[in-house]
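Form predicted alone, single chain, as structure tokens, below.
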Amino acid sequence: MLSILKGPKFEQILQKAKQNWVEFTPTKQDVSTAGIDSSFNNTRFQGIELWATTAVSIKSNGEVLIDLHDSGLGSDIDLSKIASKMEIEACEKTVDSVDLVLMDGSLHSQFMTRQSSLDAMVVKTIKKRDNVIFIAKTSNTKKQFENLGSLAGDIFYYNHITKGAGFSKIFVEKKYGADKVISSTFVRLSDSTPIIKLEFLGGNRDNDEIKSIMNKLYKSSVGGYPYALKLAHNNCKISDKELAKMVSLLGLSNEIGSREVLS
């Protein structure tokens, strides 16, 4: 277990991570940016389910571009799929309005695996202007150092080699097919801020493009994270309190099971 944190194998992986890391301090570039996120919530009453989903597209200055809502009563509803589809719809309606569209999460895990039935829709939307980036605050992928016997995620090793701004060598995945190649890089926008993961559709990315993207993200980021994504998260969240209001409006407050959401 200690080989995760010390020993020859750990040092070998760190050395490889250092070789992959490109030091780069971004400068502010004035572009328009929108963040997109979705959420869902639900409560059950004796076999039926009251559910609600939202997806929001919002600019860094707080201007809401797209605000989608859906709700209903049913059973065995795949809320995550509904929310993911709404995210894509919000993205499609945003790509022509701003320079950069930032999607919360991972293209790889969200749309190419968990919601793979939506991948054609995702590819079509992203290819429209090629200005969509997926951004994740955390990552569990173990691809870049697996041949060296890594146990932790790739981000773990990059976090150990430097606290400075920069990015990792672009990693390309081709396993989903020629039209679904994913390029990714780990990025730190400012010294001593958290590393974030960027994912792009397409395999023809280079270091100059990553530097350009970092310049564009840097202007509207707070603590190393794009402010538009923080706004999107805060604006799309469906709280239990809001769900309780729906329960009351629908006259379900006397049903068995309603007390939990109303409490």
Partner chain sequence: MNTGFVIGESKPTFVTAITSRPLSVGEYIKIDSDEGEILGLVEKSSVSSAAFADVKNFDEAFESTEIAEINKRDKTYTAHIGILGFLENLRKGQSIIPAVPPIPGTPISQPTKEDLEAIFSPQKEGWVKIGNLLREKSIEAKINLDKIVARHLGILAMTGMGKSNLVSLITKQIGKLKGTVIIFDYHNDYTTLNIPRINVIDAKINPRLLDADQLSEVLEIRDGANVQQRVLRMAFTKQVKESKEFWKKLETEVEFIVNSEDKKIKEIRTSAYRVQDIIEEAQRRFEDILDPDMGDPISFIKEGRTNILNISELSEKQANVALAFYLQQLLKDRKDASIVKHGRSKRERNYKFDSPIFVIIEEAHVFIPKDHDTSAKYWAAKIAREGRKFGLGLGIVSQRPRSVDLNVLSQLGSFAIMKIIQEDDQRQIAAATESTSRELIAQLTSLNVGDAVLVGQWTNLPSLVHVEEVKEKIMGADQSAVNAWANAEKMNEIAVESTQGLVKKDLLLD
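Numbering follows the first chain given and starts at 1. A quick note: this is a predicted structure, and the numbers were derived from the prediction, not measured.
Quick note: we don't show the form predicted in complex with the partner chain, though the next part is all about it.
Chemist: May I ask whether Asn20, Gly164 and Ser168 each come within 4.5 Å of the partner chain in the model of the complex, counting any non-hydrogen atom?
Modeler: No: no residue has a heavy atom within 4.5 Å of the partner.
Chemist: Of the residues Lys28, Arg44, His69, Lys237, which one places a heavy atom within 4.5 Å of the partner chain in the model of the complex?
Modeler: Checked against the cut-off, the match is Lys28.
Chemist: Heavy atoms, 4.5 Å, the partner chain in the model of the complex: which of 223-231, 48-56, 35-43, 206-214 makes the cut? Say which one.
Modeler: Stretch with heavy atoms near the partner: 223-231.
Chemist: Please determine whether Ser190 contacts the partner chain in the model of the complex, using a 4.5 Å cut-off between heavy atoms.
Modeler: Yes - in the model of the complex, heavy atoms of Ser190 and the partner chain come within 4.5 Å of each other.
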